[in-house]
Ligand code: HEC
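Consider the single chain below, provided in structure tokens and representing the form predicted alone.
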Amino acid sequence: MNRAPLIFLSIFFALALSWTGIVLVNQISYGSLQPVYDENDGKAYPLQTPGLAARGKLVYQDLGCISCHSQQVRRLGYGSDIARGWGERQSVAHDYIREDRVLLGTMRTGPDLRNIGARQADHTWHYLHLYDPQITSAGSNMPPHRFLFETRKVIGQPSPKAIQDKLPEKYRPKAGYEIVPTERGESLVEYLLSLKDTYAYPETKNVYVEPAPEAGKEGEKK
């Protein structure tokens, strides 16, 4: 008896059921999610990524930042992301609904960046970190990205975007020259600053876990 058709149909239905369970069910569950309009703020969350930041996302992808950084904060009990200050809550599906490509990442050679815009809201910090991570994060294994900056002669008034005065002495150019971020550098920093999931969606009310009291401090609670 030829059982090839039966075997083929069995494999086909097994794959079909797997696809239904993995893809279709998730699409039904999350595909209909819409931005949440907050009447108090007069805004719909998550916010749209500004144009310059959207270009910066392309720079982020082009430089391969996804190889060393993730963009997903794990919930309490599944890692120490929140204890490290990488986010105030776990990431939820709502955080990503405006993104046509989600850059979750696969490795954490460096810290998670999903909320780097909330942790470090200063443009200068990001420029210094990109110029040489040792300036802001001693011991970092991230390589310098000085190709995102231009050293040029000052003609007329110095650029308001120049960073040489913020750099340690050994990094500064000779007198009459300045260091300014390129368009790619500016775009990348704007993208990093846009990464902040601080809005509390309805589903996040169940993702907080009360930390266990420290030994010897149970009696301090009133």
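The numbering used is simple: start at 1 and walk along the sequence shown. Please read these numbers as outputs of a predicted model, since none were measured by experiment.
From this point on, the text means the form predicted together with heme C, which you will not see here.
J.: On the criterion of a non-hydrogen atom at 4.5 angstroms or closer, are C65, H69 and P111 all touching heme C in the predicted bound form?
T.: Judged in the predicted bound form, C65, H69 and P111 all sit within 4.5 Å of heme C.
J.: Considering heme C in the predicted bound form, find the one stretch among 153-161, 35-43, 184-192, 168-176 with heavy atoms no farther than 4.5 Å from it.
T.: Result for this chain: 184-192.
J.: Determine whether any heavy atom of W125 comes within 4.5 Å of a heavy atom of heme C in the predicted bound form, and answer yes or no.
T.: Yes, W125 is a contact residue.
J.: Give a yes/no on whether R98 approaches heme C to within 4.5 Å in the predicted bound form, heavy atoms considered.
T.: Residue-level check for R98: no, no contact with heme C.
J.: Flag I116 as yes or no: does it have a non-hydrogen atom within 4.5 angstroms of any non-hydrogen atom of heme C in the predicted bound form?
T.: So I116 counts as contacting heme C.
J.: Report yes if any heavy atom of M142 sits within 4.5 Å of a heavy atom of heme C in the predicted bound form; otherwise report no.
T.: It does: once heme C is placed as it appears in the predicted bound form, M142 has a heavy atom within 4.5 Å of it.
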